[in-house]
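Just the one chain here, the form predicted alone, laid out as structure tokens.
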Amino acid sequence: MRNTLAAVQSLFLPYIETSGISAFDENNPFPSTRYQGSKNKLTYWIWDNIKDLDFKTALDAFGGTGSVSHLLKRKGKQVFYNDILKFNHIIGKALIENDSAKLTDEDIDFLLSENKNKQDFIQKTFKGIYYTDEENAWLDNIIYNINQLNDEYKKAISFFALFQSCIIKRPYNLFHRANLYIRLSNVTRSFGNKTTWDKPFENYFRHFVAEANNAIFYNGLKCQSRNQDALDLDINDVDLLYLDTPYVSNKGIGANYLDFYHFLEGLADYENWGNKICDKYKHIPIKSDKKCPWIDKNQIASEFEKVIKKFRNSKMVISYRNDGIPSIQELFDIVDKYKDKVSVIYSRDYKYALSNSDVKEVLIIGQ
């Protein structure tokens, strides 16, 4: 081992977004999101700690919401966004790859118009599970209209706005339980916001379209959105690799994003959705062909090593929590095998949604 963790882990910096703002940042802010695990509130803390690295191209291999990719795009980098979930790939297409297309008022009016040719898959399949009958009919209708659009980027923006609208109307912002009753029950509540849940889909859709339109810009470089396993990517010549993988807690529980957001994944592949569902569970998730190694406490460390080895010629930045599996020491040791210089930077305490513990976000930087 060339480095020791104790020698490099002494730097503690705040996560507050205070510096590094460019013209792109002011004019094209990243849209709001309630996505589990989003790094949106941490992006400038991340930037403050990587801005001195020499890189022009960056691969965000587990792109998620796209907040880090969007930041890097705003900073003038050529960004390759990737995510194995199709709905996330569509978000990347709308906000990262797209550099000019926006939805017009006429587009929005068309998308929100009633279409007699719409199907009724959501109405029949998800009755009483996530949304009301009227809301399910609205979803079937707008999906039909979105799929009539010819422009791939306008279609992607429409999906982005739809995904965010679906999330904001859900208790916990997730689809891991069949719990429409939480919204509909007339009881005293200690959490959530019934007014937010019950606001019409159309209101949210218009709002998120406006946010997406405002986030779209051209930074002079052609960015891309991919939809692959990170180990299958053919992007080998990239200056910086950014890894923000699914998180496995110290209890061995992995963050299963497909289970959290299977409904959005279904919306993204509406025509084939019925062939993918697993109806033995009340929340009717999408079947998974194989267990994801990134949420398996016994496999995640080896997956990290495979990806790090694959991109060993790139500078690398790993974003992880200090209370997870693998430990920061294990991640440090893996990076140290392939890089001459390794830095470990801890944030101050950062509160995660749905978490009662105070944890630190950690960056492991290999050069």
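We number the residues from 1 along the sequence you see. Please read these numbers as outputs of a predicted model, since none were measured by experiment.
A second form of this protein, the form predicted together with a small molecule, is not displayed here; the remarks below concern that form.
Engineer: Can you pick out, from 164, 158, 88, 98, the residue that has a heavy atom within 4.5 Å of the small molecule in the predicted bound form?
Structural biologist: Selected residue: 88.
Engineer: State the residue from 215, 248, 180, 292 whose non-hydrogen atoms include one within 4.5 Å of the small molecule in the predicted bound form.
Structural biologist: Partner contact (heavy atom, 4.5 Å) among the options: 292.
Engineer: Quick one: is residue 47 in contact with the small molecule in the predicted bound form, heavy atoms, 4.5 Å cut-off?
Structural biologist: Result no; residue 47 lies far from the small molecule in the predicted bound form.
Engineer: May I ask you to check whether residue 38 falls inside a 4.5 Å heavy atom distance of the small molecule in the predicted bound form?
Structural biologist: Answer yes; at least one heavy atom of residue 38 falls within 4.5 Å of the small molecule in the predicted bound form.
Engineer: Does the 4.5 Å heavy atom contact test between residue 288 and the small molecule in the predicted bound form come out positive?
Structural biologist: Judged by the heavy-atom cut-off of 4.5 Å, residue 288 is well away from the small molecule in the predicted bound form.
Engineer: Would residue 224 count as a contact of the small molecule in the predicted bound form, using a 4.5 angstroms cut-off between non-hydrogen atoms?
Structural biologist: No - in the predicted bound form, heavy atoms of residue 224 and the small molecule never come within 4.5 Å of each other.
Engineer: Would 62, 66 and 244 all count as contacting the small molecule in the predicted bound form, using a 4.5 Å heavy atom cut-off?
Structural biologist: Yes: 62, 66 and 244 each sit within 4.5 Å of the small molecule in the predicted bound form.
Engineer: What stretch, of 271-279, 227-235, 207-215, 134-142, brings heavy atoms to within 4.5 Å of the small molecule in the predicted bound form?
Structural biologist: Stretch 227-235 is the one.
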